[in-house]
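Before any questions on how it binds or moves, here is one chain, the form predicted on its own, in structure tokens.
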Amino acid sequence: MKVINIIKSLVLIYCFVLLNACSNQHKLQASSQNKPANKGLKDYYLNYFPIGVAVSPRSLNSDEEPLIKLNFNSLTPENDMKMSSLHPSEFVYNWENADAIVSYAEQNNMKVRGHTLLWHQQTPAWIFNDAATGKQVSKEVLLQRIKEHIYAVVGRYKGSIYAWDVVNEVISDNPNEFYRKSKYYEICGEDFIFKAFQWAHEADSDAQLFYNDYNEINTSKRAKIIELINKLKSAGIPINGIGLQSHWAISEPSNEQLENTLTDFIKLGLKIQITELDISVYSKEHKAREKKSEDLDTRFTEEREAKQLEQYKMCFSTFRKYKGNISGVTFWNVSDRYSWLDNFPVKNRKDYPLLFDKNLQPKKVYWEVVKF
């Protein structure tokens, strides 16, 4: 009987030790996958390229701030340097938010990318219209207003902003058109593009000047972007790089598409930056505006998580391969708590496109991005 009791006791002790060991191991794993301690994305990629993020003053004054400081060494104002926010009327500039972001970056030894000087969206109507008559202004007047805007903005941040998205999204998605038919183009033709780069260079000759666009993995659109860059270079216009927005999805790009995209742009001899990276858990569908039946389930399922993980893993493996040509990778927004994709292309469809979840914890995909 004593022997049986001793055996029982030994078994209980063994089970206790085993369970305790498993628990400690689980806690260790959980800790390592939820709290990257004092090492963030920027540290893993220190010998590759800066890792940036799009921010607002609100995110820099919220519980996201420690996450931003730990993981990123480059900031892009998401909206606060777009003309409608910064220059809402001809003689009014709202510098407060943009200044706050630049100041935060300087205090924390971070780079700043200026975004964006000219874009057909988030542009106030005043720049195209005569205040007295309400009629559309002439080409000469519009170009003068563009010049004054660029001189004021780039000049204010000279020495503080190292790179600018000078012109954003002027190439048409329509295979039968070259330029987007924006108000800028309607009034000025392509001259506004050439002049914008010239004036940005005059305002800060040390700033790196980028042309920035989306859907760069599309063969037809990429060819047009390359043609535009070559026209600028042939005309002696100062341009330093190409910004690939990289609003991608679990359905695109393929490894072949990404390789072809990067190698085609590398041939131009300019810097390449991934400027607005996110990977939607839905198939890419820019023209969609309403939920389809498969979109009604907006959970971040294991299937979506697995597909997103593989896509991010492939993308960053390729980025590292071309580290000599890529001079920055910027995520568009901080975490899944908020993304512009929550309302685009389908309104009120929650997306999960980033490396951190709604509780600001690193997702499984985070560990794949830093594991190399």
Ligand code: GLA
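If you're wondering where the values come from, they're calculated on a predicted model, not measured in any experiment. One-based numbering along the sequence shown.
In what follows, reference is made to the form predicted together with the named molecule, a form of this protein that is not presented.
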| item | value |
| --- | --- |
| Candidate stretches 94-102, 297-305, 245-253, 67-75 - the one whose heavy atoms come within 4.5 Å of the named molecule in the model of the complex | 245-253 |
| Of Gln122, Asn174, Ser234, Ser220, the one that lies within 4.5 Å of the named molecule in the model of the complex (heavy atoms) | Gln122 |
| Listed residue that, although the named molecule is not shown, lies within 4.5 Å of it in the model of the complex (heavy atoms), from Thr261, Gln208, Ser280, Asn168 | Asn168 |
| Candidate spot Glu276, Trp332 and Trp340, all three touching the named molecule in the model of the complex (heavy atom, 4.5 Å) | yes |
| Lys82, heavy atom within 4.5 angstroms of the named molecule in the model of the complex | yes |
| Interface membership of Arg113, the named molecule in the model of the complex, 4.5 Å heavy atom rule | no |
